[in-house]
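So this first bit is one chain, no partners, the form predicted alone, shown in structure tokens.
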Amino acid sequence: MKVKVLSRNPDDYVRETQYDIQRVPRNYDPSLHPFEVPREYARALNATKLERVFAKPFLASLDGHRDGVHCLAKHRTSLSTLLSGSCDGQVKVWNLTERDVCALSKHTKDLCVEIVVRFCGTSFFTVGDDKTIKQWKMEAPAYGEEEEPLNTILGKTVFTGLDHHQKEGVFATCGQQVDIWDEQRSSPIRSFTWGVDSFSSVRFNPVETELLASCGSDRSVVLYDMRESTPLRKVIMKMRTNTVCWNPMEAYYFTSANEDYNLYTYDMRHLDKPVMVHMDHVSAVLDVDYSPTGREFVSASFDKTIRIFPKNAGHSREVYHTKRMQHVICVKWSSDNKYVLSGSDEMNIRLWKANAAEKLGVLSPRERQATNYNQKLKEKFQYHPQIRRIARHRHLPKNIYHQAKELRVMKAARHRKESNVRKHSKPGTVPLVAEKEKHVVTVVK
């Protein structure tokens, strides 16, 4: 004998308190929900529109310098501390939570070229046009105490770049050559040259800490190993590279900021051609910095904008600009992956959100759940034409818009000319245009 009994558990439909949300049962059988896809598409479209409505990336401006901001440095252990150096030799230590100056020091009356924080975060180094390397303590001087450097090293030539080792008391400088210094010595422990007049930038690898890269005046990017007596490899590009930045999560990848308006991501094991070419700037790219996750990087350009690129995409996902911001000289991505900082010619440091539409502060569980749901919907329908058009649209200043349009016309004309030359060339011969383009990148071992 079979007996069927209806069993209802009150916990499934009764609220614990009067403030709880009513529990509604749902059957996930797709046959019962014929309008699920159109409903989700409408939600994704609304979420995409609202994202553009609430995209307000600019947060604050830190003013106080009396000349253009030339360099920025992140603190190794404190998220709220930022160091900046200006063209008049003034170095400031900022507290970002209070948006105020913590400490102030004067390198020289000349240009402060580069600042770098020691790996422990207790002091920082500066180099300038006066051929000196100075070490300063991080704390502000006590009342009545004069601001004096902890250590001063006098070099033979002008220094143009500086970077510190991630784990040891070793730092590197560049000028007429790349020098490796020990903090306890007044002369370099190792020097590297490779037929270059001068170097403009040097960077340590944050993963493989014995490796470093530098940019030369002969349009080259040179790789070094501190354990070797000679440089490893050299890449000669079509135009000069201003700076490089290593990926903090993938040891072999680095991105170079070039004068030809592009950024190039290379795998140091295969330097014959770049892994990715990142295009969108309309003037020389001056600085680049990776996010702590290694998935994105931010670039600063002479065209008065900063752009955020995914590491494996050729075009930027965000472009930030303001009416008053001039040529952007330096840029940094904060260590908590939330903010981007930029320094420009008109003496201001600007703080931006890394994700323009992200809500700052503490989110309630329902807000976080709604945000994640909308994000998944946008990813699901990201290739639909209307949603893709809204998500990709960015307002640009008129001059940048026209310059980008002009570059597209020039590129199309160049491509059309190359195709015509190849079409009319004799079989078995190499066209002159293809012959020129073949030697854009040269690898020297």
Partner chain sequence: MGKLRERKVSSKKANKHPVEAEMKEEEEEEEEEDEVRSDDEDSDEDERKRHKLVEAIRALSGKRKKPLVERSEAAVLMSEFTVAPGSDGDRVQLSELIGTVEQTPSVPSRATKQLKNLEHSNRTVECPLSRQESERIHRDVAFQRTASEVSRWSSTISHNQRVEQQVFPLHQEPLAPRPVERVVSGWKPQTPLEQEVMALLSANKQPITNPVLTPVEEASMKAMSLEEAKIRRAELQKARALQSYYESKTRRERKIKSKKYHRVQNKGKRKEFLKQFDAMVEKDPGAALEELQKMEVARMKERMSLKHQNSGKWARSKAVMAKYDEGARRAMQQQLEVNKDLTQKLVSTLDQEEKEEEEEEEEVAAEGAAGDVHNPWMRGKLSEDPSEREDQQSVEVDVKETENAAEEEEEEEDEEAEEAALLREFERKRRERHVQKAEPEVFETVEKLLVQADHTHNSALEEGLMRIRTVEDLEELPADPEPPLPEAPPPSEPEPPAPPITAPKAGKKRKGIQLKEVLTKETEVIDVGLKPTTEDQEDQDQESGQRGLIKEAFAGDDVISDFLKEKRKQEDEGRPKDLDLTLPGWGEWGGTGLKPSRKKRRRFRVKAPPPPPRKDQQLPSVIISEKRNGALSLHQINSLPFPFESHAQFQSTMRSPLGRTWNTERTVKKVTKPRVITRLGAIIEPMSKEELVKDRKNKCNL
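Numbering follows the first chain given and starts at 1. Only a predicted model underlies this, so the values are computations on that prediction, with no experimental measurement involved.
Heads up, the form predicted in complex with the partner chain isn't pictured, but that's what we're talking about next.
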For the spot marked by Tyr13, Glu16 and Leu351, is every residue within 4.5 Å of the partner chain in the predicted complex through some heavy atom?
no
Please pick, from Asp182, Glu346, Glu147, Glu250, the one residue with any non-hydrogen atom lying within 4.5 angstroms of the partner chain in the predicted complex.
Glu250
Contact with the partner chain in the predicted complex, heavy atom within 4.5 Å, among Lys411, Lys405, Arg392, His33 goes to His33
The partner chain in the predicted complex: contacting segment from 397-405, 415-423, 384-392, 50-58, heavy atom within 4.5 Å
384-392
Examine Glu367 and determine whether its closest non-hydrogen atom to the partner chain in the predicted complex is within 4.5 angstroms.
no
I'd like to know if Arg227 sits close to the partner chain in the predicted complex, meaning any non-hydrogen atom pair within 4.5 angstroms.
yes
May I ask you to state whether Glu210 is within 4.5 Å of the partner chain in the predicted complex, using heavy atom distances?
yes
Indicate whether Arg66 is a 4.5 Å heavy atom neighbour of the partner chain in the predicted complex.
no
Any residue of 352-373 that, in the predicted complex, places a heavy atom within 4.5 Å of the partner chain:
Gly361, Val362, Gln369, Asn372, Tyr373
